[in-house]
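So this first bit is one chain, no partners, the form predicted alone, shown in structure tokens.
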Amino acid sequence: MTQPSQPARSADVVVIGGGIHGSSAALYLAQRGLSVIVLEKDSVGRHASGVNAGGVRRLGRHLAEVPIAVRSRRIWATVADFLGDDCGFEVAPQMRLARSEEHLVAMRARVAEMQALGYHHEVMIGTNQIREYIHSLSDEVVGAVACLDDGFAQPYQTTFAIHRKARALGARFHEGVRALGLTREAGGDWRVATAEGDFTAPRVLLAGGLWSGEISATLGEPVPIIPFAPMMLVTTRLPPFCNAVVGAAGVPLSFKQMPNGTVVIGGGRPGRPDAATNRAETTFHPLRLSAQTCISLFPIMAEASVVRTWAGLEAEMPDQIPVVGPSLRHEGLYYAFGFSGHGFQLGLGMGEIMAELIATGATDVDLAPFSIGRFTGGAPAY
């Protein structure tokens, strides 16, 4: 195999990880005129970015994530023009069903808190309005909190559309190339070691999902990553009955009916992750619980059969929000990982933010809640 010339191994930025966040950052960096190399140990979209539920969701976000989710939603509105691919994006209500007055009280408090902060995309809706979108609904549902202009998209299609756009703008992707370690050279450049040779750049973005913690730990910034294998299932086709992406208070659930009539069910019930072997195994007891939840909420689901199931590999953080921003120990090193099963919608906005931060040294988004310092302590050493 012919080895690339030395210039091909150098760039303004090396991005480690070719999922939606790494690919999106590469796109926006290239759009700003920076040269970018992306190192992906498997293939683009192989893990969490390609196998998630595809929710384009602002509803129920951690308050620190809300500005990023709002920014991302603006990009999603023109995604077909931006990427030259509609990514399967469809506008649809996202709603979280309540089955008790206690749930409703908590939802009303959340909406009031959001409104006090100047956000008005979350609203309370009653059962009559819910039934406009869901025609087979259990009587135990007493209301919901909703974002009526959220939506969903196709994860694999979206990640590859971002990848294609980034390549068209000049980003260079090396798939099947695993970053083995990072060292800082005397001149200030980072050297990324791989089995295929070294790559160099003055700036590095670590966006390698579940495997990012292995590298950050070698640089003195360990994080308590939890391997997580969110599971999904798809059913046989049913008559159209649901035009919303649905969750429910008190149970893990993401539920939507696709245009072809199949129903896609996820929401975070875990399988068995094995980062060492690159595999995630589905476990049937949790899937059975998901099926029972669906039947209890949507009686028509008793007629459905499961067609297929799968699980992905994801990095979960103890506080359920990602690690995003600059290293606190090393100049020119940046992080974007640990999205804990809900990073898909954020991908485009986060890529834009990280490119802005890496290219200019600043961003107008408050990234302090996502700092790696919440696990390692300290302040920037440079």
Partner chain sequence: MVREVDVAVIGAGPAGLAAAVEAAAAGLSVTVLDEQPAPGGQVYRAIERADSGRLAILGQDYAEGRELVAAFRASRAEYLPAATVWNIGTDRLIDYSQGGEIACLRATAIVAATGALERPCPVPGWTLPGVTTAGGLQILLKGAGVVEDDLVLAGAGPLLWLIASQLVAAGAPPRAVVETLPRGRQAAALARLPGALRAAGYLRKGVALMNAVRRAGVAVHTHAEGLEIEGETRVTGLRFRAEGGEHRLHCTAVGLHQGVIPNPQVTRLLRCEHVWDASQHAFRPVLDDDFQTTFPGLYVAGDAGGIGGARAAALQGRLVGMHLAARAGRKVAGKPAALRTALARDLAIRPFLEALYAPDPAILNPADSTIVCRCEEVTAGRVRAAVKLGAPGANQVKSLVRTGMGPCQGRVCGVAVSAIIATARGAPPDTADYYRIRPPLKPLALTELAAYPMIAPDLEIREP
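Residue numbers count along the first chain shown, from 1. Just so we're clear, the structure is a prediction, and the values are computed from it rather than from any experiment.
Below, we refer to the form predicted together with the partner chain, which is not included among the displayed structures.
Comparing 246 to 254, 125 to 133, 74 to 82, 211 to 219 against the partner chain in the predicted complex, the single stretch with non-hydrogen atoms within 4.5 angstroms of it is 246 to 254. At least one heavy atom of Gln157 is located within 4.5 Å of the partner chain in the predicted complex. In the predicted complex, none of the heavy atoms of Thr183 sits within 4.5 Å of a heavy atom of the partner chain.
Mapping the unseen interface onto this chain, Ala302 counts among the residues with a heavy atom inside 4.5 Å of the partner chain in the predicted complex. The shortest heavy atom separation between Phe241 and the partner chain in the predicted complex exceeds 4.5 Å. Screening Phe199, Phe89, Phe173, Phe228 for any heavy atom within 4.5 Å of the partner chain in the predicted complex leaves a single hit, Phe228.
This chain appears without its partner; in the predicted complex, the one residue of Arg279, Arg191, Arg108, Arg178 with a heavy atom within 4.5 Å of the partner chain is Arg279. Applying a 4.5 Å heavy atom cutoff to the partner chain in the predicted complex picks out no residue from 61 to 94.
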